[in-house]
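Shown here is one chain on its own, the form predicted on its own, set out as structure tokens.
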């Protein structure tokens, strides 16, 4: 994967000039990722970014209308990067269950560095998504942003997961809800393990955190998918009744 050249295409509504096409644009992406990772979105400004890249602040506005648009651009870049990794690693695999396990693995550990894209630090961007990703849509203008296609990459990823769920169990009633829950669960538990450990059973142990989150996702995902089959034929209700009695 590290030696593969990947072209990440971001929705055109998220920029005025595609930053990936110019040297200055790539520097804007590179340094904004590093700065947001270090100081957070609240403290990040185009003024600070302009000083960091030694360029006039108006030059940044040629690419992005404001810092929120830049932020959502970065998140979309990340979700497109996740989708690219999923497509690469699930090629020629017939089993839907195996493909879904690979998807969960990528979601749990999306910080793989790609040396062919030098201007994006995927590890830092992954930390931004885990810590601040929800800010992209938890705000008053979310409906307007949604109509403009700001969240297409994220929705397409969830749709891919939902399709796999239905391929495994066509009778499962909540494939989209499960898909988005799995993605959010991965990020929440990564964050909780690192900062609020009493809110998760996942442990922030060296070189084991992403695997622990993957195990959690598989337990939830396949347990729910297959449990619904039991419910449909009545076995699950009987099991629950016997436990209660």
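Worth saying up front: this structure is predicted, and the values here are computed from it rather than measured. Positions refer to the first chain, counted from 1.
Below, we refer to the form predicted in complex with the DNA, which is not included among the displayed structures.
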query: Taking heavy atoms only, is residue 61 within 4.5 angstroms of the DNA in the predicted bound form?
result: yes
- prompt: Is residue 57 close to the DNA in the predicted bound form, meaning a heavy atom pair under 4.5 Å apart or at it?
  reply: yes
- prompt: Would residue 24 show up as a contact with the DNA in the predicted bound form if we use heavy atoms at 4.5 Å?
  reply: yes
- prompt: Taking heavy atoms only, is residue 34 within 4.5 angstroms of the DNA in the predicted bound form?
  reply: no
query: Considering the DNA in the predicted bound form, which of 201, 65, 205, 38 comes within 4.5 Å of it through any heavy atom?
result: 65
message: Please identify the residue among 194, 45, 177, 211 with any heavy atom within 4.5 Å of the DNA in the predicted bound form.
response: 45
